[in-house]
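Read the single chain below, which is given as structure tokens and is the form predicted on its own.
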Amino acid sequence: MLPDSQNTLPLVLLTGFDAFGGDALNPSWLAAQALDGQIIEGHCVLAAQLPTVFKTSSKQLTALLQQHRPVLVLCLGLAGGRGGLSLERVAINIQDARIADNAGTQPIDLPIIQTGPAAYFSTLPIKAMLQAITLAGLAAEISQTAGTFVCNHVFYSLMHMLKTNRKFRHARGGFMHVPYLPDQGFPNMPIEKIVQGLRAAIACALFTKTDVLLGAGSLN
């Protein structure tokens, strides 16, 4: 629920997942939750938790888009083993789960959308966002794979909705993986650093309409 003073501002939808795979918590949700209700570049951040469940996660994301009509959507997920914030470039139309999701479902080699294209690219300025994060002194990278688990499912579903539903075509969207917290494993990043990086990335995405290095020319 947005405060009355903020419900007229354009929205940034920021999602994270609930805990999965035996972890007690998921830093993607903790980071999103920390920015809920904050104002970045004249936009209000709305955080929402998605379940780590294949079909339910995309259904809930669709409902959030329909209800709130955000101008920018950034979905977050956990990628244990990565040392920094990972800006995902591409979502692929495949579900190939190494482990079961939180509902016990484990699709193998199945498309996310039967008639959908093989892949969608992020519509966020990921290289400019990368530079903004690194200028803030934080570790970050461009990632070429969001995996084939629920993170990729949500990323692909998001981009399909933004591409094919006229109601959402004004919005831009993408996906970022965050690393473990210090008490979860190594490599890791403290939650306050993850939040700092997210704020820098979102601010950059809001004022950068095409993917450019800040202070440089357009990227190929």
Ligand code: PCA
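Everything quoted here is computed from the prediction, not taken from an experiment. We number the residues from 1 along the sequence you see.
Omitted here: the form predicted together with the ligand. The next part is about that form.
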In the predicted bound form, the one of A128, L124, V150, I112 near the ligand [non-hydrogen atom within 4.5 angstroms]: V150
Proximity of L78 to the ligand in the predicted bound form, heavy atoms at 4.5 Å: yes
Partner proximity in the predicted bound form: N26 to the ligand, non-hydrogen atom cutoff 4.5 Å: yes
T52, heavy atom within 4.5 angstroms of the ligand in the predicted bound form: yes
Every residue of F17, F20 and H177 near the ligand in the predicted bound form, heavy atom within 4.5 Å: yes
Which of 89-97, 142-150, 115-123, 129-137 lines the interface with the ligand in the predicted bound form (heavy atom within 4.5 Å): 142-150
Partner contacts in the predicted bound form for 87-108 (non-hydrogen atom within 4.5 angstroms of the ligand): none
